[in-house]
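Heads up, the chain below is alone and in the form predicted alone; it's given as structure tokens.
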């Protein structure tokens, strides 16, 4: 009798090389893509050289300079140089690999590329590699040592995780976004709620930008991966990426779990019952309805990161702030997640709206999210961020306090200077 498999199980089986121990949960996997960025790949450059320098399958590499883009200190300039020297000396681009130089955050640049195929297996040297699961891929983050092994051999070993099913019902109200759903799940399940499992999400009412955010933040729940059960929304979004955006050899039926697949748990979310959510310091799982924390003064709003710097967030902010001005002492920092997002927001007039409202718009990069540059917060300051983590000290001084929220919550907060329910100003 054929085993009924979850979507994650099917994806890993399809990428297995055949070197699988009978009855074992482990698979030797031949990844379709290996994602890396300047900050993590630079950590293993010397070890690659000591091991002989050979890269097994350079054509499968997707490398992005996004953390130190451009570098803000001499130390970071040297790290970026080490990364770029490795790319050049290894002949990665000439062999068919991809290098994106300061074009945005690796996770966003990846999903914009047709190389990020539905049904593929992607491993990356960054925890938020899980975001690529929104296009129907198995995508997971690894430590630099594991990525070193993949670079040298073209293979890795992965266990097939248990899967948690997440059904999201209903249509998205005007005041709600995918970020609210992600925070709601974190508040309900906790930071370790998935415990190495796969999150398999579905819900036609969640638009693609929200799906990207949910898969991105699956790792905040402790999940090994987050993958969206593909539907027409997925297919149409992928096709819009250009030729090959939805491969001819992939059918939606290929990206569904088997009937009767076993899940260790099922979570259901009714969009019609949710209020806008906010995560308070210092955990993305310290989640409250916005009404519970509304009114606290905020010194800075950051709209950016791989979890919250897409067209949805920029459009929400531009629409809410158009023709208005933020308070004189408010700092509003907007960092698009990619140059493609930046250019489209420019084309639609949103960047002008944001600048006219008092925002500073930076180049596409990781920026303030990881405390790198362009928007760090000072001791005693309160920041509302659309990013994915609000750990103590992550965005600047350890005595700063960071709240997480959607682009709508961010824009409403920037407008009033206090944590604000967007329903008050929409």
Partner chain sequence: MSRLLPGPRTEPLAAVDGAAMVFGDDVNTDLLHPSYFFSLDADTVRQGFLGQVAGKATDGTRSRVLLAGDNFGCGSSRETTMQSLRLAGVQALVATSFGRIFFRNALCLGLPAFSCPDAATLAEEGQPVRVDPLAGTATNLATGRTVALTPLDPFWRQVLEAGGMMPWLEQRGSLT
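Residue numbers count along the first chain shown, from 1. Please read these numbers as outputs of a predicted model, since none were measured by experiment.
The same protein also exists as the form predicted together with the partner chain; that form is not shown, yet it is the one meant from here on.
**Student:** Here the chain is shown alone; which of 272, 266, 145, 291 has a heavy atom within 4.5 Å of the partner chain in the predicted bound form?
**Tutor:** Contact with the partner chain in the predicted bound form is made by 145 alone.
**Student:** Using a 4.5 Å heavy atom cut-off, which residue among 229, 250, 99, 149 comes into contact with the partner chain in the predicted bound form?
**Tutor:** By the 4.5 Å heavy-atom cutoff, the listed residue in contact is 149.
**Student:** With the partner chain left out here, work out from 24 to 32, 355 to 363, 377 to 385, 57 to 65 which stretch has heavy atoms within 4.5 Å of it in the predicted bound form.
**Tutor:** Comparing against the partner chain in the predicted bound form, the contact stretch is 24 to 32.
**Student:** Does at least one non-hydrogen atom of residue 280 fall within 4.5 angstroms of the partner chain in the predicted bound form?
**Tutor:** Although the partner chain is absent here, residue 280 would stay clear of it in the predicted bound form, with no heavy atoms inside 4.5 Å.
**Student:** Mark residue 113 yes when one of its heavy atoms lies within 4.5 Å of a heavy atom of the partner chain in the predicted bound form, and no otherwise.
**Tutor:** No - in the predicted bound form, heavy atoms of residue 113 and the partner chain never come within 4.5 Å of each other.
**Student:** Indicate whether residue 195 is a 4.5 Å heavy atom neighbour of the partner chain in the predicted bound form.
**Tutor:** Within the cut-off, so yes.
**Student:** Quick check on residue 126: any heavy atom within 4.5 Å of the partner chain in the predicted bound form?
**Tutor:** Close contact exists here: in the predicted bound form, residue 126 approaches the partner chain to within 4.5 Å, heavy atoms only.
**Student:** With the partner chain taken in the predicted bound form, which residues across 376 to 403 come within 4.5 angstroms through any non-hydrogen atom?
**Tutor:** Those in contact are 389, 391, 392, 393, 394, 398.
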